[in-house]
Ligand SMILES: Cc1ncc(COP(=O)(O)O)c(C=O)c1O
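As a starting point, one isolated chain is supplied in structure tokens, in the form predicted on its own.
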Amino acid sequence: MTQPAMREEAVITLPSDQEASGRTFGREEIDELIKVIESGTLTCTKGTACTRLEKRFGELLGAKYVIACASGSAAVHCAVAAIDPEPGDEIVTTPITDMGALAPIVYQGAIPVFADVDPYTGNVSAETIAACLSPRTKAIIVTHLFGNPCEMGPIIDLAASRGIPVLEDCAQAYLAREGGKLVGMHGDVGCFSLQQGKHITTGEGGLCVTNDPEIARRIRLFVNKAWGYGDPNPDHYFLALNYRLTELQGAVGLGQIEKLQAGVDQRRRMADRLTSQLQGLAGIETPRHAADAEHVYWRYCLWVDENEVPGGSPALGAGLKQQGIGAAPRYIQKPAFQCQVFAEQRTFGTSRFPFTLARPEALDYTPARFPGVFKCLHDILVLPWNERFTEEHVDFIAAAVRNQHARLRGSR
């Protein structure tokens, strides 16, 4: 007999990365901000905070060149601009990502070609990318979703065999490793976000990393309206924007970056604890990652089989919300290619540019082509996560998941 759902009051308030309870701001950031304010110089073209942030991040990743910019979206835009696609060129990417990682492709006149994903990670693979390649492919963008690295070895081999650059969207994956190498250092450019909810934050901001001096120079120019600061005879060399980070943000970043490793370590420890407590629940999949990968848990995700758990991810998520846990079914409501900007080609006025230059195959968004995408979004349940979660928080979440799981299965 179906049992009525009962509202259960939360006994613990979880830390939130949208305010102080889930963030690590403190004296370090304040001291750096004071230096900047007292200097009177808030622009990165004259100050030192952003330069020091770039240098420190380069040391942390082992990158020769780091360029700070205005946002994670700007970082992706800089990376795309650095490879300089011709109008109508194609960039293979994922449909499970933030629009900020896709709009830059269109702004540079290129066509996003969407690859399918692994249904249990949400990541693209060499196999799904290969199915999308064409003579017009200019680049591949891989997104390390939720902090779980893509399997980069086969992807890099595939790209190298075709002479195609690889751009890594690492917005959710600070210090994640795959094959012993930090993400962002596998491909030609790594793009990071400093937005409020990321592993470290300056409110908004981004970082690009590369070991290629020509790419680094083009990114640096693109951040600065293509003005050649320091050149003997500078000019605006090509069309570009002002994507600079301010010294105030750079100061906060300097305080944050020294806390990054400890924050990642805590996220991983607590994730391991939660996984151990949820093992064996029928119809619940805990996060998967490759044997040689290190997941850094921007968020902790469950995959819920509705055949075993009545109502699936939405029902489990609703039950958790009743206990004060802001669980998000689906992560995004629909694949990116179903959003109006792509489905209806709403771009520049009524021109539909650059989609007017696309091959019909590149715009084939038939659902049957994306079984992994639709299964992933159907099954996934995204749990809140940050570096301030403790054993008490994790045990509370685990108990709530088990409670709601038992309730739902008891209603069958």
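Computed from a predicted model, the values in this text were never measured in an experiment. Counting begins at 1, following the sequence as shown.
As for the form predicted together with the ligand, it is not shown, yet the points below apply to it.
Stretch 95 to 103 is the contacting one of 227 to 235, 154 to 162, 95 to 103, 210 to 218, since its residues have non-hydrogen atoms within 4.5 Å of the ligand in the predicted bound form. Interface residue among 319, 263, 255, 72 relative to the ligand in the predicted bound form, by the heavy atom within 4.5 Å criterion: 72. Checking 267, 198, 295, 138 against the ligand in the predicted bound form, a heavy atom within 4.5 Å turns up for just one residue: 198. The candidate spot formed by 118, 122 and 148 is out of contact with the ligand in the predicted bound form: none of the three has a heavy atom within 4.5 Å. Interface membership of residue 183, defined by any non-hydrogen atom within 4.5 Å of the ligand in the predicted bound form, is ruled out. The shortest heavy atom separation between residue 129 and the ligand in the predicted bound form exceeds 4.5 Å. None of the heavy atoms of residue 249 is located within 4.5 Å of the ligand in the predicted bound form. Residue 193 belongs to the set of residues with a heavy atom inside 4.5 Å of the ligand in the predicted bound form. Residues 169, 171, 172, 193 of 168 to 193 are found to place at least one heavy atom within 4.5 Å of the ligand in the predicted bound form.
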